[in-house]
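Okay, here we've got a single chain as structure tokens, the form predicted alone, with questions on binding and movement later.
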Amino acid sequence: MAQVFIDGNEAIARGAIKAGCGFFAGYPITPASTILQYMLELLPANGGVALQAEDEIASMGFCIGAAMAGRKAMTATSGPGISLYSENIGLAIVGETPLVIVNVQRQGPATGSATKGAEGDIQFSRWVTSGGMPMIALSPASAGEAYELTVRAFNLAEQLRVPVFLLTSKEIGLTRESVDLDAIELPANVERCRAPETADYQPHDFELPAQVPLISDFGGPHVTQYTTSTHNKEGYLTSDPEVIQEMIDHYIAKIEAVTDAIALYRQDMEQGAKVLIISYGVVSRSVNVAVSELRQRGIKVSSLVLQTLFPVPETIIKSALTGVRKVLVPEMNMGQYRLEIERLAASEIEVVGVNKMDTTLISPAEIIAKGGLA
């Protein structure tokens, strides 16, 4: 394939097809609407089903049903839609449902500025539903990364039987750029592990907390149960405290056990640098320019760009912090991921946020000036 001129939303749709997505449901919301449009065009031609649901709540419900019936499923929305998705995201967690949820972030809170960008849903994505269970959230910085990380999001969802967030923004979703999709190195598609047809089946069976249960598609060879309430390994409702805690520990352990393995990042470390810039998403593109300008001025600076935001890749962050005296964390919000860096940084390290939410991008000059490096 030659170079294609696409935006991040189309890249996500193409990535979903590449990952084997078989079902999509969504409801129009700027700036995520074109993902719905692209999936309506692409998915039926590739043997799948795409539909516009009556609202966001129904979109998530349809995707959960399709995923549990055996299809790789995806939905897409923006911040207000995630609010409506919340309860069904919790259902996907306790039901151990593989699912990809795209959040093309826009300026908030509430309805906010529907056609303007921000990255204000970072902590919202981590704590989106009641119960505080871990979430996986990936963050691309370009159309090419959106394509790649969509495939990886599907793989993680299928591998771990969990909902996975893909967090982009209006700038990534609606900005066109040239991408050679064939030049992007993709992982092999991961397929869910299904229970043998002749075996006795429990939908949430595990011996060790981090073990991912085998799955049996609805309508398949096994009788299975699925409920939004606390349940046991058989899927039946329970009020037994020991069983409830065992299930909670399981939901947590299967994600925490792979934290290092699923940590995706890019780093540009300079020997002897005392300044580190940690970024993610579209702001990392400004960081690249800022780092280049600072080095031209003779200032030693390193850069760590996180693609996996949650679970927090603590090992790589702590490694990058070694020998550093100052950390800049530029974000198109008022300092959400900076909280994670402050938690991990030693007391002698100064952590400085470079933040704004006026709907405009953070420039390289602002990173340098507000970071005290001018």
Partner chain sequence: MSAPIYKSYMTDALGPLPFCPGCGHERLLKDLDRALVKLQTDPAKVVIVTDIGCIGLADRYFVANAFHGLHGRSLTYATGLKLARPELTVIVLMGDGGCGIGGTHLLNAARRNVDITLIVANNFNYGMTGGQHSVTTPGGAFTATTPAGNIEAAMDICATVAGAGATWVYRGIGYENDLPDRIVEGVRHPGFALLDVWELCTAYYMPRNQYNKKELYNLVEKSGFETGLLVNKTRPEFGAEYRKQSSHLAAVRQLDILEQGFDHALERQTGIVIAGSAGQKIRSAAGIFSMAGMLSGLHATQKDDYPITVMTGHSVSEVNLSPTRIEYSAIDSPDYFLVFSEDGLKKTHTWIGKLPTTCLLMVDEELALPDTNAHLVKLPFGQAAKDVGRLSIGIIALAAMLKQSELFPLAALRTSITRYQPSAVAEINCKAMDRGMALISRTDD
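Not measured: the values here are computed from a predicted model. Residue numbers count along the first chain shown, from 1.
Omitted from view is the form predicted in complex with the partner chain, to which the following refers.
Stretch 50-58 is the contacting one of 341-349, 324-332, 305-313, 50-58, since its residues have non-hydrogen atoms within 4.5 Å of the partner chain in the model of the complex. Annotated contacts: Tyr265, Tyr337 and Asp358 are all free of the partner chain in the model of the complex [non-hydrogen atom within 4.5 angstroms]. Taking the partner from elsewhere, Trp127 is found to have every heavy atom lying beyond 4.5 Å of the partner chain in the model of the complex. Residue contact with the partner chain in the model of the complex: Ala66 places a heavy atom within 4.5 Å of it. In the model of the complex, at least one heavy atom of Gly219 sits within 4.5 Å of the partner chain.
The partner chain in the model of the complex is not approached by Ile184, whose heavy atoms all lie more than 4.5 angstroms from it. Ser229 is the sole member of Asn189, Thr111, Gln245, Ser229 with a non-hydrogen atom lying within 4.5 angstroms of the partner chain in the model of the complex. Contacts between stretch 3-40 and the partner chain, counted in the model of the complex as any heavy atom lying within 4.5 Å, involve Gln3, Val4, Phe5, Ile6, Glu10, Arg14, Phe23, Tyr38, listed in sequence order.
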